[in-house]
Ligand SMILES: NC(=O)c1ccc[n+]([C@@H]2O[C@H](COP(=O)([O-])OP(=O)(O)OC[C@H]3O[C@@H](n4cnc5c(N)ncnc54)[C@H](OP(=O)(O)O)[C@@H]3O)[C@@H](O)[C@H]2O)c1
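Given as structure tokens, the chain that follows is alone and in the form predicted on its own.
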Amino acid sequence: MKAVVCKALGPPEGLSVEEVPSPRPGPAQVRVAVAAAGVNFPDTLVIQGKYQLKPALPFTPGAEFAGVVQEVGSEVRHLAPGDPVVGFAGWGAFAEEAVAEGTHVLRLPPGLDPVVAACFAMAYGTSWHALQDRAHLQPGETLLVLGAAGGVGLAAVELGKQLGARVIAAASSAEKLAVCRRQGADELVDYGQAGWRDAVKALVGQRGVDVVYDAVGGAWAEPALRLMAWNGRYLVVGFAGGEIPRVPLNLPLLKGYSIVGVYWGEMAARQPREHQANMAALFGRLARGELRPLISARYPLARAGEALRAILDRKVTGKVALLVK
């Protein structure tokens, strides 16, 4: 089979597409013929050795995929060969076949486009877990989304609106903010401009922001921390800005707010029943047309490095798909 191969840690330009042996599933695993794979910011970190999970070299990157089951392990009961599925593998998805734990593979509802499905689970799963499970976002609260035009950010904008929040989308250009508006954002703030914190403060007044969804980190974190409301929740989702910020701990002390970590992949591994329930609810909403994922670009498998480079260079809005079949 053909697969993208990372032989040495580094930039996307070092990846190659090669013929490799088909993977074999273990007793609790599933082998899937991949139709499409989602491309995510963590994939860019994995190939550089900057992510918390570090596969042994050589390896195939790619965390999420959709396709058709080819083989199931002896302990897998909920799937059979021929089932259309979506799955999460950590790595290995940028290939014609992928193996994943059976608990991380779900049958697709009838009629769903596998390309859309392949780009859905990680962004919407992360944002649903963040807003619903970790922040307990309530109707009428204010949600500030940093990095709102990216994959998880746009999902947070859309889900935040569905949960009844007033959503303030913060992104780095007018073009990206226009995308956020189309996804339902109530207010727009360009955080590429000086004084963006004052712009948010003018929108929320003395009350502040109930929930901050931070997928960026870096220099944007501390200004956002200073915008928090009493009993607010600051969600640490990722560090697309490239720097892990240092937090002045007097800020949460003075306003009584919480800094809450969001690690969707680990939650899925530790709490498989809750994860599967979340995924079933989200894919149900997708099948009913209640959610509108944005896929801004589609690349063939041979151009996986270009897709990853576009994400690293912040040229992507929404999600990017790799078309395998």
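Note that the structure is a prediction, hence the values are computed from the model and not measured. The first residue of the sequence shown is number 1, and the count goes up from there.
FYI, the form predicted in complex with this ligand isn't displayed, but the following is about it.
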Any idea which of 136-144, 69-77, 230-238, 100-108 reaches within 4.5 Å of this ligand in the predicted complex, heavy atoms considered? 230-238
Heavy atom within 4.5 Å of this ligand in the predicted complex: which of 128, 220, 91, 120? 220
Only hit among 179, 115, 209, 215 for heavy atom within 4.5 Å of this ligand in the predicted complex is 215
Within 4.5 Å of this ligand in the predicted complex - does that hold for a heavy atom of every one of 45, 149 and 171? yes
Under a 4.5 Å heavy atom criterion, is residue 312 part of the interface with this ligand in the predicted complex? yes
In the predicted complex, is there a heavy atom of this ligand that lies within 4.5 Å of any heavy atom of residue 282, even though the partner is absent here? no
Contact test in the predicted complex: residue 263 vs this ligand, heavy atoms, 4.5 Å: yes
Can any non-hydrogen atom of residue 257 be found within 4.5 angstroms of this ligand in the predicted complex? no
Contacts with this ligand in the predicted complex - residues in 188-202 whose heavy atoms fall within 4.5 Å: 191
